[in-house]
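Given next, in structure tokens, is a single chain: the form predicted alone.
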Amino acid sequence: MIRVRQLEVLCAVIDLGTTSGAAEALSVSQPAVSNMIRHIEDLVGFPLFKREKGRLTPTPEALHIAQEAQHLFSQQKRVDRIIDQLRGGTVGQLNVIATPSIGYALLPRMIAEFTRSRPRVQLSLEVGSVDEIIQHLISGRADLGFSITSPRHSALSVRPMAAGDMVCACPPDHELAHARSINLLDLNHVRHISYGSGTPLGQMIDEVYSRHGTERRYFCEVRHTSTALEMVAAGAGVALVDSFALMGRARQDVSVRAIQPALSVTLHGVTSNLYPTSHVALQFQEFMREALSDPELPHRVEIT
């Protein structure tokens, strides 16, 4: 069987007419080229060149082989380009799933920035609960997950991506919108949208109330901060939301205030240990981490 390197030597001799010229072009010795041509002729079982006055004239059979070899060289170059693109993360398939506070505002903005220089990356974006993130990753339906709550599963790798805070979102004309910061306990005295005690955010907030010897009171229970944020924008009341839910777009329908005591949250990037993580997925995860650590980027939210 003729190898690709042998075909390269054959084509070089045909193009340049001498073994010395081919040797110089291929950065090998002239005897090595001559031996290679003889070996190829032994393999195919018929002459490929006529030797005339120091030049090699290719036979019609040699020209036919060389013509077919050009298709192979073109395919090889295409494969090399694809490998370079995959190495650079400019092509590939990226399947992402995130919790709503990440998936509705921040993540679309990050994806748009990431793919601006990678137009050939094929994307799939889903929004789901932490349990759905786990199932998508361990089944191979997603390459990356993003969540405020750290998923707990032995088959997953969880990486802290960025630090955030719980903040108070208010309608712009609400009385609390005029305060510099808001005491968490004061939310019991206004129409308050919050999370069930069985949710991670609800449990975190309940711990604060418990330390002060009281219970949290709210008029509307939701599961996700994105839902609470939309209710605030509609004027239904105030709500604690994670700061990541406010990134990605400017909102004129919501005022944001810091809370006391402060409650920190962390955005986690999640991958599966059951499947190799693609290069483009790793690149996007690192892109997210770097973007979220840059205070100058336009997706940051100003908290007063």
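Please read these numbers as outputs of a predicted model, since none were measured by experiment. One rule holds for the numbers: they count along the sequence shown, beginning at 1. Rigid core: the largest C-alpha set superposing within 1.5 Å between the two forms.
Quick note: we don't show the form predicted in complex with the DNA, though the next part is all about it.
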Find the only residue in Ser34, Ser278, Thr59, Thr266 having a heavy atom within 4.5 Å of the DNA in the model of the complex. Ser34
Pro47 versus the DNA, in the model of the complex: is there a non-hydrogen atom within 4.5 Å? no
Although the partner isn't part of this model, could you tell me whether Gly54 comes within 4.5 Å of the DNA in the model of the complex, counting any heavy atom of the residue? yes
With heavy atoms only and a cut-off of 4.5 Å, decide whether Thr19 touches the DNA in the model of the complex. yes
At the 4.5 Å heavy atom threshold, is Val28 in contact with the DNA in the model of the complex? yes
Which single stretch, out of 66 to 74, 34 to 42, 256 to 264, 235 to 243, brings residue heavy atoms within 4.5 Å of the DNA in the model of the complex? 34 to 42
2 Å or more on the CA of Met288 between the shown form and the other one, with the rigid core superposed, yes or no? no
